[in-house]
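Just one chain is shown here, as structure tokens, and it is the form predicted on its own.
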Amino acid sequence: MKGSAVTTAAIVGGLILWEALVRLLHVPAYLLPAPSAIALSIWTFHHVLAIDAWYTTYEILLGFALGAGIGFALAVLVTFSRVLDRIVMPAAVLTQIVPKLAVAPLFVVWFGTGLAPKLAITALMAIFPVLLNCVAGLVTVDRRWRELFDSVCASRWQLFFKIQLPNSSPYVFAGLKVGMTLAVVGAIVGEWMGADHGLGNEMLIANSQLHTDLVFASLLVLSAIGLVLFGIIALIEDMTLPKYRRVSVVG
């Protein structure tokens, strides 16, 4: 409770300082709008922002689900096959090295300007953290458990479902939380490459018109969406895992 109060006070203090500096220094609104101007912009364009937020959230959720599903499936395959490990992991690292803004135009060429390229770039952003953390969880098995299952001639799948999969759940949640935050970025990058709706599209239009307060308003709404989605995953983790089983993010 005390920590929340300190955080709230710091945020409020920062906003007050921001407002004061913008007014005292007479900073032009197109360079840096005051928090009050951003709040007014949110109120004025709340209907437009609500529609754009719906489209962006839809893209984030679909892309994240696709990326997380692929990442988990690849993690399972990697843990079962050393050959696939040597193929999949370098390729996954390569997808992270290549700048997403550089490949996003190719996705538009390949998939058109509809929903598909946005889902592709969003999924691509989410795959790697889920894959890396799931692999870390699936391979982190006490040697004694392996020896016990070997002693009773248990199958590889029995070891997987009874030991590896439950053991990996904290790592899976860690990967999902990072994947969700990156999915938010991926959806915006996809909208920047071509979209008729969404917060990314709204930012581009507002920026071209030097409507900086609306750009900040869109960023604020996007941040709220990201925090809510991250919080939902964290809440599910709290409900399903005891605190002592939670782990730090890998990668």
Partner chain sequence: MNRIGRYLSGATGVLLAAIALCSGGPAADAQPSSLSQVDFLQAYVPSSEFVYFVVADKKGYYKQAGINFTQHAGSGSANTVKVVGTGEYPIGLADAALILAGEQSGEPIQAVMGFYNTTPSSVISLKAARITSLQDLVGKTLASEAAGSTTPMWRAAMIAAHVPADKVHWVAIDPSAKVPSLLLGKVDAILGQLQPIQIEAQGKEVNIVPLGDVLHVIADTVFVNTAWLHKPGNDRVLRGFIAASLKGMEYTKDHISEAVDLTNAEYPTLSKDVLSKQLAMEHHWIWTPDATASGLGKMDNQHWQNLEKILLEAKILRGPIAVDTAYTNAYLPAQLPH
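Values in this document were obtained by computation on a predicted structure and should not be read as measured data. Numbering follows the first chain given and starts at 1.
Note that the form predicted together with its partner chain isn't included here; everything after this is about it.
For a residue to qualify, one of its non-hydrogen atoms must sit within 4.5 Å of its partner chain in the predicted complex; all three of V48, W54 and T113 qualify. Using a 4.5 angstroms threshold between heavy atoms, V109 counts as touching its partner chain in the predicted complex. A residue is said to contact a partner when one of its heavy atoms sits within 4.5 Å of a partner heavy atom; I11 fails this definition for its partner chain in the predicted complex, lying far away. Although the partner is absent from this view, G226 stays clear of its partner chain in the predicted complex, with no non-hydrogen atom inside 4.5 angstroms. At the 4.5 Å threshold, heavy atoms of L214 reach its partner chain in the predicted complex. Residue L210 is the only one of L210, L40, L219, L32 with a heavy atom lying within 4.5 Å of its partner chain in the predicted complex. Of the residues in 176 to 215, those that come within 4.5 Å of its partner chain in the predicted complex through at least one heavy atom are, in sequence order, L176, W192, M193, G194, A195, D196, N201, E202, L204, I205, N207, S208, Q209, L210, H211, L214.
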